[in-house]
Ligand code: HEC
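Next up: a single chain in structure tokens, the form predicted on its own.
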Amino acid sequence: MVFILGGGLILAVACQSSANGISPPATMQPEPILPGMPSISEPAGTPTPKVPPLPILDADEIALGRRVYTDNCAECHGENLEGESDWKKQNEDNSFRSPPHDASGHTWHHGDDVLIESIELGGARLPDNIGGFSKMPAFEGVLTDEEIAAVLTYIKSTWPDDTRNIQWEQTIREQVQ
């Protein structure tokens, strides 16, 4: 089965990543959540907005997420979240390749609501004018809300803390807009 998380197919085209793919350059740092306030990814000693703390990763949820990922996602996104080779290139049939969900990909550029929608709707979420299509099936009604959340937790558990902080900030930003 295909499991594109984080709008991987559409957003692989729209998102830029750094040269090493692990952390964004300073020009790509997220905007502050509150106007006039720095982002939580800025240097220590800089005032930060009042945001909920970074969620704690639950070991049981990570284990469930790993099982669900292995059963539903790993076939396309790789056993180690590595995605397809040359994932930024489209296939000859104009379909998008499965992106990685480790820190080298771009999943962490998107808040939880976008990632959940990507899982639930699969390729159907993409607009017709995106310049390609996704073969990802919709997992709404296939996976429970708990399983979807667990997959996200598992994926996040593989990221460094600074990457998780940026993704968490994006989640909060999307919720307050």
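Residues carry their position along the shown sequence, with the first being 1. Values in this document were obtained by computation on a predicted structure and should not be read as measured data.
Missing here is the form predicted together with ligand HEC; even so, the following discussion is about that form.
Engineer: Any chance Arg67 has a heavy atom within 4.5 Å of ligand HEC in the predicted bound form?
Structural biologist: No - in the predicted bound form, heavy atoms of Arg67 and ligand HEC never come within 4.5 Å of each other.
Engineer: Glu75 versus ligand HEC, in the predicted bound form: is there a non-hydrogen atom within 4.5 Å?
Structural biologist: The answer is yes: Glu75 has a heavy atom within 4.5 Å of ligand HEC.
Engineer: Counting only non-hydrogen atoms and a 4.5 Å cut-off, give the residues of 99-122 close to ligand HEC in the predicted bound form.
Structural biologist: Those in contact are Pro99, His101, His106, Thr107, His110, Leu115, Ser118, Ile119.
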